[in-house]
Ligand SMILES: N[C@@H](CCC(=O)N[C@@H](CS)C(=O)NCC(=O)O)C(=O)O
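A single chain comes next, written as structure tokens; it is the form predicted alone.
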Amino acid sequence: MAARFTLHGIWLSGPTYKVGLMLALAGESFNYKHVNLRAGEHKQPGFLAKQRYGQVPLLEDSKTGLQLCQSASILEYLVDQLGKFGGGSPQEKIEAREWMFWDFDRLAMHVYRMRAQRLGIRSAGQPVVEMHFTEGNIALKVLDDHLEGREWLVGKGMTIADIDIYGVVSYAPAGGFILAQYGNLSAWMARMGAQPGFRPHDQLLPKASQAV
């Protein structure tokens, strides 16, 4: 049977990984289309007609005909469509969204920028690098403190908050962050890795278009 979803992205992209991870954990096979950012494929008219921001990821849903962008919005859409990882109550749903907004504001930028700096994708002066490293560690400490005595960020089960934030924290070591100093966070990452369907980013996203 043909896959319902087609994910457009690049294997280096944390936001693309978030969406792929959500689909994998939900047991949804999907088609994957590699977008060559270096060649500017994301800025071509055909792609922009589907993804107005000229970014990745882009998710196409053949069942509804919708073309979706922005990873957090896509995760919320998948909750509604698949009925999984949305939280066990209206309050948990709200709290999961709060963590996703917090992630965008306080964590993702610092982790992703540090990783890009170390990979040579971006360059910045030492004060900027130190700022991202400091702020990133502050955010990781917030997570570590919150996870004291908890298995998941919200409620008693995994939600899109866990998926969204895992899609950032898993790249932190590549940015020079030492996760071993955050015991609660490390235990949470191990729980994520033990979930059925889980695959790390270096195994989930192909480097060429294919079915996953």
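Residue numbers here begin at 1 and follow the sequence given. Because the structure is a prediction, the values reported are computed rather than measured.
One more form of this protein, predicted in complex with the ligand, exists but is not displayed; see below.
S.K.: Could you tell me which one of N184, N31, Q67, Q55 places a heavy atom within 4.5 Å of the ligand in the model of the complex?
M.R.: If I apply the 4.5 Å criterion carefully, the residue I get is Q55.
S.K.: So in the model of the complex, are S13, H42 and F104 all sitting within 4.5 Å of the ligand, heavy atoms only?
M.R.: The answer is yes: all three residues contact the partner (heavy atom, 4.5 Å cut-off).
S.K.: Could you confirm whether A26 comes within 4.5 Å of the ligand in the model of the complex, counting heavy atoms only?
M.R.: So A26 does not count as contacting the ligand.
S.K.: I'd like to know if L37 sits close to the ligand in the model of the complex, meaning any non-hydrogen atom pair within 4.5 angstroms.
M.R.: So L37 counts as contacting the ligand.
S.K.: When the ligand is placed as it is in the model of the complex, which of 166-174, 140-148, 153-161, 55-63 ends up with heavy atoms within 4.5 Å of it?
M.R.: Of the options given, it is 55-63.
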